[in-house]
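Consider the single chain below, provided in structure tokens and representing the form predicted alone.
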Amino acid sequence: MAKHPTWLTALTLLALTLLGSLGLAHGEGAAITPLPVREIAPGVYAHQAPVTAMNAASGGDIANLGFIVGDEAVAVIDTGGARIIGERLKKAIEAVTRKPVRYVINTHEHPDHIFGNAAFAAPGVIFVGHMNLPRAMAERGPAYLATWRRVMTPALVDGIKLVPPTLLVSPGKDVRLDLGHRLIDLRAWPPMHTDCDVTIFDEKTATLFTGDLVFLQHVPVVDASVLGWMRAMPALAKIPAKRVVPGHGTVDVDWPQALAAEKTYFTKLTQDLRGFIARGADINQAAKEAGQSEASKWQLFGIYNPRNATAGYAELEWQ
């Protein structure tokens, strides 16, 4: 019987390893690997994703996700950057509890947080988000999907659907959800990271899920307003949390200490930008040089800081 060439055997094993890392496998009824989660407080679970750029090698897994278990039901917080990530999160929930998922809360519009939504779309599941989220998903979702098709493998794009929220949260009008002797408070914020940011506060354990209003290790990313972010930080810091799950970086960090690095970054960035504007420097120079003293403190700095500086320059120029 002829043997497979060594290189073909090695290639096959590599392919199977990669598929396994995504929670996929060949064969009927092959199980999806649950996403790794950790119970950071009683009934509160978080998945800490790698700090990396979104590309095919990431497997769609770059954003922190989580869920909260009450006496009657479960609330999911973000679903990942591919349907398979959502499916793996669903498996992780099933390994912890048989209680049904009642709510899926999207902290904002970015695809690494919402592209796993379809895994949870089912009768009785209510999707929740900022009042601006349906509009943002409708306007930007098709472009996000087009980008995913260019940079991700077909397996990571298959099954992605834009599932907008039907229960909406407005700024100044917090929404409280009852999971059964467990209340969680949802707050919508003015434009900061995006114009549709929501935070989730579990009152029972004083755990705060911030989405991308807090970054750790991963340099913050501005898609709405640098000034809005800085103005809102004092109110964000006043939430009476003990621990925080940021959108990216280390989970289960003391609060509000977790805001310190982000505050320093934005303070330095805006100081630099105001200096460039006062001297009449153009936006290209500002994009290259503003905030550079912070470079050693953050991962992915070279990718996102020029974008932040460009957005901040345009915003500050009109002050």
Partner chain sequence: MRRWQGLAATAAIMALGCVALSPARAANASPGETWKGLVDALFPHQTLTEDGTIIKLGTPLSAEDAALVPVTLHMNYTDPDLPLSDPHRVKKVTLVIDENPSPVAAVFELGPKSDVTKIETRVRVNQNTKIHAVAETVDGKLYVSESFVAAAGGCSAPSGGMDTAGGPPLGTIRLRGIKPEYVNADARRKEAVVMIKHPNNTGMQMNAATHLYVPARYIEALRVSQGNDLIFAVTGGISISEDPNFRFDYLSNGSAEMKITAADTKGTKFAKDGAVGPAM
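Residue numbers count along the first chain shown, from 1. In this text the structure is predicted, and so the values were computed from the model without any measurement.
Omitted from view is the form predicted together with the partner chain, to which the following refers.
- Contact check for residue 257: no non-hydrogen atom falls within 4.5 Å of the partner chain in the predicted bound form.
- The partner chain in the predicted bound form comes within 4.5 Å of no heavy atom belonging to residue 217.
- Of the heavy atoms in residue 87, none are within 4.5 Å of the partner chain in the predicted bound form.
- Although the partner is absent here, residue 297 sits far enough away that none of its heavy atoms falls within 4.5 Å of the partner chain in the predicted bound form.
- Remark: of stretches 39-47, 257-265, 274-282, 65-73, the one touching the partner chain in the predicted bound form is 274-282 (heavy atom within 4.5 Å).
- Interface residue among 131, 118, 92, 206 relative to the partner chain in the predicted bound form, by the heavy atom within 4.5 Å criterion: 131.
- Only one of 157, 230, 177, 224 lies close to the partner chain in the predicted bound form, with a heavy atom inside 4.5 Å, and it is 224.
- Three-residue candidate spot 140, 288 and 302; every residue lies within 4.5 angstroms of the partner chain in the predicted bound form by at least one non-hydrogen atom.
- Within 4.5 angstroms of the partner chain in the predicted bound form, the stretch 95-116 places a non-hydrogen atom from each of 110, 111, 112, taken in sequence order.
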